[in-house]
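Take a look at this single chain in structure tokens; it is the form predicted alone.
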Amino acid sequence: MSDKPELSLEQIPANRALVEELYGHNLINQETREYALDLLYPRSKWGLWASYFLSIIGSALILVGIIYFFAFNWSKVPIMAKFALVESTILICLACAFWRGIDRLSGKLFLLSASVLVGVFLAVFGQIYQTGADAYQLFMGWAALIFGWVLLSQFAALWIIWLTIMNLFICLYWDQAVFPSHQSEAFIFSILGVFNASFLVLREFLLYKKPSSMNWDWLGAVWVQGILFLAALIPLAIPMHQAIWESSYEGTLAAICGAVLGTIFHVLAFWVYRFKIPNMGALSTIILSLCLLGEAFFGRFVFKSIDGDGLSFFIMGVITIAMFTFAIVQLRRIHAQMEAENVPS
């Protein structure tokens, strides 16, 4: 008997991946495939997406307007009016979120607006009472105060905002409280990379393994995966470039840790998105990152070993063309393999 739990029809998500898998195994014909995709992704859906987009843009403009109102009228607004305006706006957003329900986009946007206004309130409080606190404490308090709302929202945009706040907190804390030396300052990239990579791993685990009966489909947007992937890849790639280009970082523990973690991330990410969760976008980004690392490695060797800028640039041009041509060929081969793996033999 199989150890996998049996799923009811209601528990199986209806999406493009399922339809393509059924079609790839010849369980449905072309007409049924097109009909199912029309039901799941109607051609008139662009109007719904336009409505969502305009709602998000409108909410963002209102929040920006509130922030700029305080910035340009700071000296003219009485202290009590500043607090009353911010706090009443937060309460109104929370009331509207409760009224609309956080299972609807409008309710989620109201909750997101309240979360952003908490940061405005903390900034106003710090300016009025001149607390003298470092900037990292504002972001730390901001992230802590809205964390409960973030958990309840099931809204990917609010999660990304919270992660952005946490990244700012980590960077500012490292600069204002840790006071790293030149030899250890590169550790911040390893910290940020591991922090963001942990949420990328959590996202993939919750979305594809579904460890509980909760609905995790709100994490399935491609842009969420892209932001988390880049937020993990870029910080881990920076110390690898530093180790290549900047001699002052060579041999330091920070550079070694960053380079090792970056290498591990590139290898594991390639393996996961090639064999476990096939994703050409992620694979292309990894290959691009490796090409840029190769450019840095060969560039340092060429420009330091060969006299004459013209010859150096010519050699680097040949290396660049060869490297990216090889990368494109390999990506095309991988793409063909991934398509073939979805077709039964």
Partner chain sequence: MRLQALLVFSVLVLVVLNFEIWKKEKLKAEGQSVLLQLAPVDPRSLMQGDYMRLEYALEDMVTSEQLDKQDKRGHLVILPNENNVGSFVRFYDGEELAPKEMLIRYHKTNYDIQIVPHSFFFQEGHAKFYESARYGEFKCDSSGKHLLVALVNEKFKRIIPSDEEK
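It should be emphasised that the depicted structure is a prediction, and the values quoted were computed from it without experimental measurement. Residue numbers count along the first chain shown, from 1.
There is another form of this protein, the form predicted together with the partner chain, and it is not shown here; the text below is about that form.
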item: The partner chain in the predicted bound form: contacted by all of Thr164, Gly226 and Thr252, heavy atom 4.5 Å; value: no
item: Proximity of Gly262 to the partner chain in the predicted bound form, heavy atoms at 4.5 Å; value: no
item: Any non-hydrogen atom of Gln183 within 4.5 angstroms of the partner chain in the predicted bound form; value: no
item: The partner chain contact at Trp149 in the predicted bound form, heavy atom, 4.5 Å; value: yes
item: Touches the partner chain in the predicted bound form: Glu246 (any heavy atom, 4.5 Å); value: no
item: Candidate from Phe199, Phe270, Phe83, Trp216 lying within 4.5 Å of the partner chain in the predicted bound form - any heavy atom; value: Phe83
item: The partner chain: the contacting residue among Ala156, Leu112, Val118, Met140 in the predicted bound form [heavy atom, 4.5 Å]; value: Val118
item: Region of this chain that lies against the partner chain in the predicted bound form, out of 200-208, 187-195, 262-270, 75-83 [heavy atom, 4.5 Å]; value: 75-83
